[in-house]
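Heads up, the chain below is alone and in the form predicted alone; it's given as structure tokens.
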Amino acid sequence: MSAKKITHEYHLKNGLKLIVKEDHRAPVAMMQVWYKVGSSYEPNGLTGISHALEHMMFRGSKKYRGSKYDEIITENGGQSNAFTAHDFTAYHQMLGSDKLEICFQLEADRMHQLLLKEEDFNKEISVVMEERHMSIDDNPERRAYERFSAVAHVSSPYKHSIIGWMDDLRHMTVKDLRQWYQMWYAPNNAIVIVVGDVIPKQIYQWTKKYFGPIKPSSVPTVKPQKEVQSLGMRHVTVKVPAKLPWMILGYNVPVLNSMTKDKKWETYALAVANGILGINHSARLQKNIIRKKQIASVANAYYSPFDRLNNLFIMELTPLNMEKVEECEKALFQEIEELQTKLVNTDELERVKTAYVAAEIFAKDSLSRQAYEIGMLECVGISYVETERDMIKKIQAITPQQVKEVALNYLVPERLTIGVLEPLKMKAN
């Protein structure tokens, strides 16, 4: 069934967009509210403020004080959470379809009535700093990736980690959060997405009832932040206590948003190249570097064409020891050279394409995944209808010659940043 037959789109006068996707397999529904703001919108000195505001959204509004929001969702048998990314911040709830109106009441209220009390902020920013300690400062690979990313991106705001630099968190104030909230949290900068066992017209009526009265605001115009041209290979070495070394190679590559219509195929060819290298256990990195050469314990590749700004084509390895780091680097270059000099055979290419098709099919089994794909695309300015309709066709149309061509054009030394985690001896405790 096509996206048009089961997906409905509405627009409120205040600028809010509503997207409803019917899925009647179970009497439950997922509601998500997406705001088009994330860490890539943050200026120096305020890194991490989008994530900090996400935390404060659960600290109470004028109507629902303290932890009342979570209590109401739990009392009605639901689950709620939120996440911040480079390009967006999203809040989501899963409830029985008959209880879904509650989510509209709660989300509309905290869109424009958040309390943001100083005493709450002082407690929550300590939680955020502790989260940073646990997720990055005490995690050798995450810490190395943060420094790698800061080098791999020169002018792109993707150089900052989503959680923010610790010094910025220490100096953040509740006044900063109030200003950020007023700038970005408005109906004309938000998308409401509902997927599940629902009646679209009813969802639209609830949206008008609860979100309709909220006035739009003057959302800032985001200036283009194009990554400067790479002028040569960059290296970064991170020395922290760790058990094993780790290495990452990242090539600056385009995404759909930055390509003209006649060049968009290149991003799908890069996605296929990524699949050839690391989509699953049968991919080349796992097969050749882990099982055949036995010089690493982990090997993966990552690339998404769906970011707001140009990003990285990444390969990562966990070498067995420091003596294997150079050997692993050579092995990765050999895999890139193989893509650049030899056409991938038909059987391997079909396996990769089949894996992408399977992933899209399995995603339809999850309400949250369906909602996420719509919200993520909408927030970066890509049509979810066209993508759902055409993505698999475009992946399946990629040829061996096109894979070779993008490898020759983009997986080149002048676009490359190499990061290495060099483990220091860990303390006994």
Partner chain sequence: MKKQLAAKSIVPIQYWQSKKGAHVYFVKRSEIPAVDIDIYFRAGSALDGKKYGLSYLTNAMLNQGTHAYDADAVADKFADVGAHFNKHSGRDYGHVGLKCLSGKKYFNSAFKLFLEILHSVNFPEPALQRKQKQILSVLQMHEQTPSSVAAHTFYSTLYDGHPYAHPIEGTKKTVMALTREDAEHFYKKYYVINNATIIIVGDITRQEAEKRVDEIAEHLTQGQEVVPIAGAVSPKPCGEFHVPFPSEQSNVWMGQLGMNYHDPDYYAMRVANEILGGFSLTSRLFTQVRGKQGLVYSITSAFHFSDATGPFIIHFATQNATAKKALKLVQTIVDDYVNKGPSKNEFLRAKKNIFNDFPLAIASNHDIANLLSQIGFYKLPIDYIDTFQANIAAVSLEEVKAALKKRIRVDDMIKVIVGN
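Numbering follows the first chain given and starts at 1. Please read these numbers as outputs of a predicted model, since none were measured by experiment.
As for the form predicted in complex with the partner chain, it is not shown, yet the points below apply to it.
| Considering 304, 113, 202, 280, which brings a non-hydrogen atom within 4.5 Å of the partner chain in the predicted complex? | So the residue touching the partner chain in the predicted complex, by this definition, is 280.
| query | Which residue among 133, 215, 342, 330 has a heavy atom within 4.5 angstroms of the partner chain in the predicted complex? | reply | It is 133 that has a heavy atom within 4.5 Å of the partner.
| message | Taking the partner chain as it sits in the predicted complex, is residue 77 near enough to touch it, meaning that at least one heavy atom pair lies within 4.5 angstroms? | response | So residue 77 counts as contacting the partner chain.
| query | According to a 4.5 angstroms non-hydrogen atom cut-off, is residue 140 in contact with the partner chain in the predicted complex? | reply | Yes.
| task | Tell me, yes or no, whether residue 291 is in contact with the partner chain in the predicted complex, where a contact means a heavy atom of each within 4.5 Å. | result | Contact check for residue 291: yes, within 4.5 Å of the partner chain in the predicted complex.
| Any non-hydrogen atom of residue 71 within 4.5 angstroms of the partner chain in the predicted complex | Taking the distances in the predicted complex, the answer for residue 71 is yes, it comes within 4.5 Å of the partner chain.
| message | So if I measure heavy atom distances to the partner chain in the predicted complex, which of the stretches 293-301, 334-342, 183-191, 146-154 falls within 4.5 Å? | response | Selected stretch: 293-301.
| query | Relative to the partner chain in the predicted complex, which residues of 302-335 have a heavy atom no more than 4.5 Å away? | reply | The stretch 302-335, when checked against the partner chain in the predicted complex, contributes 318, 320 at the 4.5 Å heavy-atom cut-off.
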